[in-house]
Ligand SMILES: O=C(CO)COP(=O)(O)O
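One chain is shown next in structure tokens, namely the form predicted on its own.
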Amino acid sequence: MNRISGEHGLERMVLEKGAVQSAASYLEQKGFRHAILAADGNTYAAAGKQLEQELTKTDVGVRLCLLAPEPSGDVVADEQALLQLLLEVQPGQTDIMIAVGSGTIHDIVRFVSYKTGLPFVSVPTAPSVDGFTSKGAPLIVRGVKTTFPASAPIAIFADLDILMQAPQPLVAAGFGDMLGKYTSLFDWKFSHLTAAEPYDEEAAAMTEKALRDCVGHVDEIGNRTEAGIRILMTALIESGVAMLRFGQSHPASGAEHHVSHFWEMEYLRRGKRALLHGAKVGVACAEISRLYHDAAYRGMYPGREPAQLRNYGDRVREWLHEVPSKAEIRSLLRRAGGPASREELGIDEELFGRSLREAHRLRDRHTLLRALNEAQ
């Protein structure tokens, strides 16, 4: 997937070496003249400065917005960051925004894009998340993580030279985000079967193929080969396009994401430094797999047996057969060079237990986790 155009509103997707130069040319050819480049200190150094320099060779003027970190040292997609970017927008003049970074910066830009009606272009700096093309922005508002409507980019320029320089934890986080599709795809089928939530076979198949491509090349991803990084980034983009196609995050977000969001909110409350999204998702996927296998195969429930398992047990077990065990998921995470257990992430026993009991309330999705907890 070097160049794809016209897919679900995306005019262009470029994944190749030198894509930053292509981004500058694209913006000039489209006739944009007043851009805001949103980045943080790290992503500006990784790609923003280079893009800024490329834009000086064009007729596109650029206004830099370096998003300020929290006292913990992280940029957070919260009210302060949104306001900082909004204040840079010059009504009647700004005509394009550029997100240079990974998940958090894209969430900030895509929400401001939606609210202002300005288009934005995506320049990923790490293959760390699958949300580059998302039309939803998970934001922290008054300490609670909530997903709001947002805009998808009109183009993505993913530069392999830059992506291959991303720190290994970010590469492993992207792999962890993809591994989470094992349980998200299961939960999607489960919610469709038991609660008639909408389902799309093509979006599911696209997501599953992206997942299997990653798992089949885990060692190349862990070794940061060019082929491995290309495969991972392609899979992340394809997962994002599947969500765009369906219009919601069901293909790529189930109970493992709800648990991850719960941990993130608690860390914010405690003033602790944020954990990488994909690292949390990968570890949560392993724990959700254990919980689901225990319930479906061993009759181990937090409370009573859910009616959904009594009524659809054979189908549920058939689907769960495709979900690797906790040990298998942990092994894959280690091969990708990332953390594989909640202990490695620093998730204590109390927080872990509370997240399994309460995380299903963060989204109105009929996951098996929700069924297990509501059967008590």
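Numbers for residues come from their place in the sequence shown, where the first is 1. Predicted model only: the values in this text are computed from it and were never measured.
The protein also exists as the form predicted together with this ligand; that form is not presented, and the subsequent description refers to it.
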Can you check 83-91, 284-292, 226-234, 245-253 and let me know which stretch has heavy atoms within 4.5 Å of this ligand in the model of the complex? 245-253
In the model of the complex, does D177 come within 4.5 Å of this ligand, counting heavy atoms only? yes
Touches this ligand in the model of the complex: P138 (any heavy atom, 4.5 Å): yes
In the model of the complex, does T147 come within 4.5 Å of this ligand, counting heavy atoms only? yes
I'd like to check something about R363: if you look in the model of the complex, is any of its heavy atoms closer than or equal to 4.5 Å to a heavy atom of this ligand? yes
Under the 4.5 Å heavy atom criterion, name the residues of 277-296 that approach this ligand in the model of the complex, in sequence order. H277
